[in-house]
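Starting off, we have a lone chain in the form predicted alone, written out as structure tokens.
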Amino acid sequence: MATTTDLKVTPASDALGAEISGIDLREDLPEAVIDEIRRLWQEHIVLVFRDQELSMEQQLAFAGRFGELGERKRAPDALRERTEGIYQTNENILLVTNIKVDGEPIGAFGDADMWFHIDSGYAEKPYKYTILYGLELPSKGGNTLFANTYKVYDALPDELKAKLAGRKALHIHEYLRTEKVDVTKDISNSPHYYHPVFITHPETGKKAVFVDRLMTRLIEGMDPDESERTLNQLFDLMESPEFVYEHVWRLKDLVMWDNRVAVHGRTWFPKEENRLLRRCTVEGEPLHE
């Protein structure tokens, strides 16, 4: 049985992330080990476990040690075909894949690149954690990019921090990968929510920026043009190389991140090659500045 002394930690980048070795996630890990993983999670934001042999049930059992498992969000009827897959039969599992069987997608969000985003950022209670497992991978590309939004907040000019303090921003999702939602139309049937632009992490007490290029569309109470300029300023800073870790997937990687303080995106990969990742999540709570 693994102990805390078995865990070996190797930083993945200067921005964020660490590779954790010396542990088999199939085991019924002692609470002390789970506590140490949680501590490392708070320190590094993204944790990578290589060479893990995990069934769906084992992945869910491990994720469940960190809180209530998140249910897969159901899209409104008009958008449902973009999200549903014929192999998605467990309410706690999303298959991130481009694979089709008899012309039907087995999962969702599978093709090409994807802009930086926050999982379920458009909901009142965004997921706390995301846990992703690599099952099939293309020969190149399909890497996951993570940005450290603590560091982004710290890098903001004091004038911009003061300007955005207390502001909220609209997060909206229509299940697209590289396209903004048109918010000049009726958005009542599209999942959306207003969150603080800056949040305080409930465990670390640190401030972070909570916006993303794909789903954050406007800052409440701000002129639309000024809102667009300000958001693009935040997005561009957030995607600067010094704040980003690029995870190059290997088969049987399990990658888990704090969804509140790590926005993530995906690089392009050949559409004719299969990519299949199995995602589960941990439920979150309302966010506060």
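The first residue of the shown sequence is 1; numbering continues from there. Only a predicted model underlies this, so the values are computations on that prediction, with no experimental measurement involved.
Heads up, the form predicted together with a small molecule isn't pictured, but that's what we're talking about next.
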Using heavy atoms only and a 4.5 Å cut-off, determine which of V96, I93, L218, L135 is in contact with the small molecule in the predicted bound form.
V96
May I ask you to choose, among T83, T144, S190, Q88, the residue with a heavy atom within 4.5 Å of the small molecule in the predicted bound form?
T144
Contact test in the predicted bound form: M114 vs the small molecule, heavy atoms, 4.5 Å
yes
Using heavy atoms and a 4.5 Å limit, would one call L16 a contact residue for the small molecule in the predicted bound form?
no
Heavy atom of R260 within 4.5 Å of the small molecule in the predicted bound form:
no
Contact with the small molecule in the predicted bound form for D119, defined as at least one heavy atom pair within 4.5 Å: yes or no?
yes
Between the small molecule and F109, H264 and R275, in the predicted bound form, does every residue show a non-hydrogen atom at 4.5 Å or closer?
yes
